[in-house]
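Here you get one chain, nothing else, as structure tokens; it is the form predicted on its own.
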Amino acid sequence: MITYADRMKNVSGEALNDILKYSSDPSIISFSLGSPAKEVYPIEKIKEIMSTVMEKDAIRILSYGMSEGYMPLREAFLNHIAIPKGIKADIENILITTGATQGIELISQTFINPGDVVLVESPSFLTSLQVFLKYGATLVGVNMDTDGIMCEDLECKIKKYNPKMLYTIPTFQNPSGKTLPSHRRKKIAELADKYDLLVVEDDPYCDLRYTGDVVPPIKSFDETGNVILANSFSKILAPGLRVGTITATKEIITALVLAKGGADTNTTIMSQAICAEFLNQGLLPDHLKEMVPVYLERLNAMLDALDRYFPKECKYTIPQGGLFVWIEVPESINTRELLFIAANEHKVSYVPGYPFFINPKDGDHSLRLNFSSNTPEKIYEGVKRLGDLLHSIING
């Protein structure tokens, strides 16, 4: 009889399968998948760049590359993104990954032993929770208020559990949409130094800000090398490129490169070359300026639709950026059970709250809505369908 590795026992694909299933059904208005708007993909620019890089460096583009990443992209990321954000780094501190998720995978593989405690926001990104569980981590939730992680609770959990690392999405958090203020970011960097704690800062949404002031990354406050920063091009260019970055100490990068060499050798050079050329041509600022009004219009449409059509008993976040709105519903409604009815009978889908929590029952009365991938017209219609369903349950 074939047996599977014990580490896969803690991994569930139920939520992801539902997300993909309902997102691929054209008859359903899907608020499930955290995708950028296809209307803002820089398709023509990418076509031009592909032609340019193939004409200039075809052999290199089509060959194997260094596991550390394509040097022009590492340099471009350093000069156009990392340093302008206040991060003190050199080229040896940059690793290119196959999407940000691979970065979390490599970090987990490199640092987590079975039984190690990993602190996570409650709620937190479902895929990262699955990765940590796969490597045998013991997950412990850190409480959040309207501004994100509560540093008092974080320090209490550090003292109590002696964790290996903290995983945080500080900017437009997935799933809650919350943003951690600057003074808390500085405090987290100080706690990492004080308790020799590894902090994994997952920041794929940081450039998708529609209102409010820019907040520096936790990594910019890091004086001891305890913070690892993960970024991604998936949300700001196109998810199909599958390009992410890790910024960390030379020692940590060296260890992660060993892990990456056994995973995929190198991230696709063509994708890396596209990202490098996009940055070096100075196209990113104008591209973001084109994206922001589209997303802001869709966010405002969703917030207005929620105000119009959802029961007053439901509470929702008002994010300053990112891709998601987080909603809490009355305890009489189980969002996991409701999803089947919503998708199959009312042709609207969402992600129920349960996979974002260590204890799935903690998410039974919450849900996440994505606003970026639908037009305002579809947003109004989809939210109305879902709101009508919720009203029918609350009113009996």
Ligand SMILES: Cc1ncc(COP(=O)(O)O)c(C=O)c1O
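As the structure is a prediction and not an experimental result, all values here were calculated from the model. Numbering starts at 1 and follows the sequence shown.
The protein also exists as the form predicted together with this ligand; that form is not presented, and the subsequent description refers to it.
The chain here is shown without this ligand. Which stretch in 139-147, 252-260, 164-172, 75-83 comes within 4.5 angstroms of it in the predicted complex, by heavy atom distance?
Only one stretch qualifies here: 164-172.
Does the 4.5 Å heavy atom contact test between N93 and this ligand in the predicted complex come out positive?
Judged by the heavy-atom cut-off of 4.5 Å, N93 is well away from this ligand in the predicted complex.
Contact of P204 with this ligand in the predicted complex (heavy atom, 4.5 Å):
Output for P204 is yes: heavy atoms within 4.5 Å of this ligand.
4.5 angstroms heavy atom contact with this ligand in the predicted complex for Q272:
Although this ligand is absent here, Q272 would stay clear of it in the predicted complex, with no heavy atoms inside 4.5 Å.
Do S232 and this ligand come within 4.5 Å of each other in the predicted complex, heavy atoms counted?
Judged by the heavy-atom cut-off of 4.5 Å, S232 is in contact with this ligand in the predicted complex.
Please tell me which of H287, R298, R242, R209 lies within 4.5 Å of this ligand in the predicted complex, judged by heavy atoms.
It is R242 that has a heavy atom within 4.5 Å of the partner.
Only one of T268, Q320, T101, Q109 comes within 4.5 Å of this ligand in the predicted complex by heavy atoms, so just point that one out.
Residue within 4.5 Å of the partner: T101.
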